[in-house]
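The chain that follows stands alone, in the form predicted on its own, written as structure tokens.
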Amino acid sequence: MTRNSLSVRQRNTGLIATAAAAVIFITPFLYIFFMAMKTKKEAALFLFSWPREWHFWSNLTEVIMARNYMLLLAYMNSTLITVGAVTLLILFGAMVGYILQRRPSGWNRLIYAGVLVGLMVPPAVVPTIWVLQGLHLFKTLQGMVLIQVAYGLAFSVLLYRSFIATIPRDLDEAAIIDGAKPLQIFVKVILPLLRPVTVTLIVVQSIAIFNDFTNPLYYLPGKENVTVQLTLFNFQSQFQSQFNLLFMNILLVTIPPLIVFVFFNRQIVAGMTAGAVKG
């Protein structure tokens, strides 16, 4: 096989893969967009078709104003939970990952095994609710932040531990010779080098926490604690469903994570490949 024919084959394969990915990922978004623009009667047909009448502004205002502007409250609650949880995940994940990687011991092996167990074992809802009630954190945003941290900490620790393993120990030794203390080594030497993996963790965990549906449903009941995913119940009930407003709500909930992913896509790839290059 000649070099030209090989390049043509690779180009055609790339074009086919790109077209298939576009169909798989763009088609559902277009369906949501078209359904969000339709009237209630037309949306009830569930047809993938161009809207006969565009009702963007009326559907948008109705969704935002539904149940005394519940969507705006949900955005605020979801943002607070996401920012608080991701901040703690970065802080604790980096510190624990650093200790596990740089100071091997019997206790660290036991802690590492516990991290793996936390990553594999599914959470138990009822005991978790009992613990939150005992701490007086049930039905509170603070409790929801701690839940997200507990569920995502194992992944964060493993991610940081793997990345720190690629950083030469010579940097630690040089800082020790200069008189730096352990905390100073972590803050001034190691932490600035963790920027690629930190950006990756921010994007991945913020999208997961912002889009979380089950955990707020279990641990954060109450209208005042509603999150963006729970607002989908506003337009779907046992006796009546407004699918045009439901899909408009889905569109509004989907746009922020989509924007984050589009703008930080290169940073995610850089964070995933930086460790491989250093290793």
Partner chain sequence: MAGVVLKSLKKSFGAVEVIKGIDLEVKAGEFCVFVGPSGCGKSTLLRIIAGLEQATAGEIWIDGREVTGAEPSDRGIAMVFQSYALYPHLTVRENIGFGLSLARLPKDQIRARVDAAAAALQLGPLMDRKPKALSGGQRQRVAIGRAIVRDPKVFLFDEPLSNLDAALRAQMRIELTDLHRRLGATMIYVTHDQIEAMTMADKIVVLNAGRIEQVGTPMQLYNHPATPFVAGFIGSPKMNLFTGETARALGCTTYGIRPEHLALSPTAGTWQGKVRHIEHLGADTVIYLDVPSLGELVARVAGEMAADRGDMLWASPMPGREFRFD
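Residue numbers count along the first chain shown, from 1. None of these values were measured; they are calculated from a predicted model.
The same protein has a further form, the form predicted in complex with the partner chain, not shown here; the description that follows concerns it.
With a 4.5 Å cutoff on heavy atoms, residue 184 counts as touching the partner chain in the model of the complex. Contact between residue 188 and the partner chain in the model of the complex is found at the 4.5 Å heavy atom cutoff. Within this chain, residue 199 is remote from the site of the partner chain in the model of the complex, having no heavy atom within 4.5 Å.
Within 4.5 Å of some heavy atom of the partner chain in the model of the complex lies at least one heavy atom of residue 177.
Of the listed positions (90, 73, 193, 165), a single one reaches within 4.5 angstroms of the partner chain by any non-hydrogen atom in the model of the complex, namely 193. Residues of 140-174 placing a heavy atom within 4.5 Å of the partner chain in the model of the complex, in sequence order: 170, 171, 173, 174.
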